[in-house]
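Listed next as structure tokens: two forms of one protein chain, kept apart as structure 1 and structure 2.
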Structure 1
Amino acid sequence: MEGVEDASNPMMEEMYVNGIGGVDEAPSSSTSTTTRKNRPIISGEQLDIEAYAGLYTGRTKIMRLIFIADHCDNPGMQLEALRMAYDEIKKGENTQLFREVVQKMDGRSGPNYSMDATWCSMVDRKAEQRKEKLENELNAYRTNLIKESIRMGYNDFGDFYYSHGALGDAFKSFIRTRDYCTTSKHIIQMCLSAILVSIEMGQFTHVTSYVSKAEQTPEALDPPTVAKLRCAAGLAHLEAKKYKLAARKFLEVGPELGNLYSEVIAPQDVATYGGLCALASFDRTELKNKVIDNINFRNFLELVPEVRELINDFYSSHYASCLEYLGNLKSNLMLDIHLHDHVETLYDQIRNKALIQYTHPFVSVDMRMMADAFKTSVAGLEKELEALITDNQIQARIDSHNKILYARHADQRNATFQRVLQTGNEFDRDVRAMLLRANLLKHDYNLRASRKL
């Protein structure tokens, strides 16, 4: 693989934070810290939870750690994820989530990670006082009919509910600010807040709606906001299994994103989600023009070299290497909170596209050689090809005895003659219709519209 020669670029420096710079370069020392910094976050090795969690902030960091703990088979990784979630929650005010994490740990991490009732009661008491204060302030603002103050009051309520895990109430509070927005900037802020909460709740129809609202504001959006909206739209399309639309949105994300949207998504996620969705849904021309030759997206791909290499291998028809990269990435991708439900579908679509592309140029294919190229058995390959032929994705027939796939290419000579005959018949019909109309006009055999009195 090539070294990351663009690391000196300011945008790349911003994206290479949290110990991910120079992922292709050899470690400069033998220390564990250096090894961690030079290792990609998403790789065939066991997921580096500390480095992975460092890519995110806020609630999504905690939820991703809990998701890893719930879906990981390794007890050590489970406990490490829960311990990090425990520490992160204690920096905030979400006591309900804290109790859930403590329950999941079940005392397996010793007394330092046990139920802290004193902290919970203190936070809950402060929350009640804060809520009462916010209510009094908001009532005063509403009495005085100051629009900007009312908007900020509801915004503060939204932030309060969000920090305490009451996502439904937070969403309602942010939406109520809409009636008091006086500038495009206020509308965009309201939309971004609603999008953030909607993503956390899994309500992606709301995400699509508020992305559209933000994009329709009369004033031009600044590049970081555009990048955030495209990421949110990409996640909504991904959740709806509209992989081609999702790929297009992620591919449109500009380098201005950096780490500005770490409460939702990391630059590495943009590369992974966009790359896999593009492989599953784009044809070769689109893959070349919109992914491989896309300078902006190439910067994202540099952060996840495995995804970059598997895309290049797929386009270069090195299918064994491509599928090997996919196999190495699979276990870690299954721990991704947004991609988890789509990994199997995306992998099946990518493999099917590889099989179709492999067979397309040939009149006949030796299935033994093809099985070697795809690192599978002849029997397994035959079943996959049967399914694709039945689904009409490959025009071919299988010689099961000799293990040869024969393509059913259309007879170009016969097809050309058929097109010529069809064109001739259409021309004959059109000429006859024109002659008929001309004769009708000539003999004044036409119906005139009666003049209205």
Structure 2
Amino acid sequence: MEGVEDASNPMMEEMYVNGIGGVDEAPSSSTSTTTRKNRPIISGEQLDIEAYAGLYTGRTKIMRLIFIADHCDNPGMQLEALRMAYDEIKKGENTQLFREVVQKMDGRSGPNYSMDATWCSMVDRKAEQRKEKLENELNAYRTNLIKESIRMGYNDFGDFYYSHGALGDAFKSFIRTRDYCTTSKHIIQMCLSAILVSIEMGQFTHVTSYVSKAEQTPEALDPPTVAKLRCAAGLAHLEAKKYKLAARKFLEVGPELGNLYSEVIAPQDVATYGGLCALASFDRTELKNKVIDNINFRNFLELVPEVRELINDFYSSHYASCLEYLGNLKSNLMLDIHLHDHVETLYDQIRNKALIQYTHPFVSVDMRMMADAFKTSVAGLEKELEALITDNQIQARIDSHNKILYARHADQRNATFQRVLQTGNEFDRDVRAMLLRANLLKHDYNLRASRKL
């Protein structure tokens, strides 16, 4: 399942291979990782599906294309995505997906992209034969009790099921290799396979557990594997809406990742997910230390310059520009299979952070200026600020008459006195009630005791 690649900084190659202003060449093959592009793939412009798909390999490529087709509202784009999915599926052996895609296309792309029943039956037949062969082999190995062969047998089964779309069976097969692993490398291989299948199945709890399992054998981990594991962990956290943890994981991914994990994630994604989650959940210090000053991560950010720009804008308080970038990116981000469910929340959090950060240094803020900075109306801004104040994220009060926001510093002395008097009253009340209850219990007890006597 791993691609055979030169692991020395392939991303930088990608970046500089064509130089600026190069001609847009057609991608050589969608599985090749040396796609020639001079424009960033994740940007505010309409998504170039081919280039996007070129970042991935294997099943995830197909699933992502289908996701884009399901969620974009542009019929041209939809069909293009489906066509590419069709082509990709035909290279593989998953007839179930094939049928699904054909149904979605509904014959709209012409006769070349319609149901190919012969292909289906051929693939299914071959599958049956292969399965039988694998079973026989496995049984033979099992009788002979050769651990390594049994392990490889189960692995083959796993691969087989995976390519046919039987994810549950694939997962079980991979897990069964556990008992036959003899070296740490075997365990790592098993974990990575389990992780891959779990991600495809959407079962991220498994992902987390297998990541930690793999990390328990640090001696066998080489940097690319470490990077892969961190990506997987990051995805799991993202799914669980733990944005801070997700950000930290993505930011720790080393440049060794390259395209080595294209069956799961592209380096552009690492940059985007990591950047947005960090922006939504880190405070300024952490943002500076872990993102802006992070040399490794800078490489990733180069791939998505708009995300890099918006992070810098946020840090330097150019909120209008930051929000503009975010707005432009939104439609493309919504087409991303992992980020789709989280875009709104992340955007809200980023916006709120921006509002809070804007008001933080000031004693009073002119709401009209602030509304301009945030590209909203004064009334809208007032409502947003009201929500933040009620939520205690901003300590301030709104002068609705003059449209000014005043910082409010609680008077500690008065507050203390108030609390003291209140505590005194509560203590008074509670102790009296307690004494009363004790008295009642005593009566009850005495009554029962006297009855016994």
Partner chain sequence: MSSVEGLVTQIQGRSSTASDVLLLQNLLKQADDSLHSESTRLLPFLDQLDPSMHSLGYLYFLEACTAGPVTKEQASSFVLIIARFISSCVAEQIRLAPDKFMSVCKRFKDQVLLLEEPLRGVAPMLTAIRKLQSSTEHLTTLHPEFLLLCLLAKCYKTGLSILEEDIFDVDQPRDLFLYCYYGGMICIGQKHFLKALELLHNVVTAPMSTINAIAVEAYKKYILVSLIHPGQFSTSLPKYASSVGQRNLKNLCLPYIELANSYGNGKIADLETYVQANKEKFETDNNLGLVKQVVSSMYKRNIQRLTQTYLTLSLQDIANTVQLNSPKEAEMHVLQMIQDGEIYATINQKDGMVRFLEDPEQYKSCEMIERIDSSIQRLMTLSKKLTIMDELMSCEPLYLAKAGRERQRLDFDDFDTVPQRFNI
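Every value quoted in this text rests on a predicted model; they were computed, and no experiment measured them. Quick note, the numbers are simply positions in structure 1, starting from 1. Between two forms, the rigid core is defined as the largest C-alpha subset superposing within 1.5 Å.
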Margin query: Please identify the form predicted together with its partner chain: structure 1 or structure 2?
Written below: 2
Notebook entry, point to check: Comparing between the two structures on the rigid core: C-alpha of E426 shifted by 2 Å or more?
Noted result: yes
Checklist line | Core-referenced Cα shift (Å), L435, between the two structures | finding: 32.6
